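In the block that follows, a single chain appears as structure tokens, in the form predicted on its own.
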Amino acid sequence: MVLNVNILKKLQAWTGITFAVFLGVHLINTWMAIFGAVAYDSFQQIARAFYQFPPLEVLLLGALLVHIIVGVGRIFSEPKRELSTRARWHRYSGFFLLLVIAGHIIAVRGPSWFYDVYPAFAGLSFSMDFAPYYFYPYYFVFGLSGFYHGLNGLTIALSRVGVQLPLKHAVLRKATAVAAALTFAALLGFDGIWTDVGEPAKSEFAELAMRMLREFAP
């Protein structure tokens, strides 16, 4: 039983490390929105050539799925224990990510899989303008949860594979505060506060989204 738990912890660690690399790139891409559409789209175009290369994308999605299964399985199968504040927030952020991740993947990858349309900067800008009271809190909590869960989880995962990079709780809190400021600034960027965003409602993604709403909305 101990061996099985150790194997699961290693599996959870390696899949977490694998996905954390993509998560870091994804967060940096989001923060590039502070500098405008050209910076955001240029960075994404370069990064997308790697993480959307079919074998790598399958690897990333597989790592995510295994990480979720192992993590949830361990919560229900292992004895209950008292969690530190840091561990509780790690779990809370994980639960939120679990709640929204499938919908996020479908929303951002579905159009490119089935219609060859990518959201890009204009698509996110359209979303912020179309439903700001939903997308502002959604993307802010999503980004912050991803940062906290990813950074804290990475230190745990690395220790389980023999790499000791301890991260003090105070440093984690400060880093998360910086990430919160960058994420909020990025959302303002999508909303056109820092640079001119043009007419995102005329983008391919916006036209596809409105067409699908007309076709499928009750």
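What you are looking at is a predicted structure, and each value in this text was computed from that prediction instead of being measured. In this text, residue numbers run from 1 along the sequence as written.
One more form of this protein exists, namely the form predicted in complex with a small molecule; it is left out here, but the text below deals with it.
Within 4.5 Å of the small molecule in the model of the complex, a heavy atom is found for none of W14, R74 and T155. The candidate stretches are 206-214, 6-14, 19-27, 191-199, and the one lying within 4.5 Å of the small molecule in the model of the complex by heavy atoms is 19-27. Mapping the unseen interface onto this chain, R91 falls outside it, with no heavy atom inside 4.5 Å of the small molecule in the model of the complex. A residue is said to contact a partner when one of its heavy atoms sits within 4.5 Å of a partner heavy atom; L97 meets this definition for the small molecule in the model of the complex. Though the partner is left out of this view, F130 does not reach within 4.5 Å of the small molecule in the model of the complex, counting heavy atoms only. Although the partner is absent here, F126 is not a contact residue: none of its heavy atoms lies within 4.5 angstroms of the small molecule in the model of the complex.
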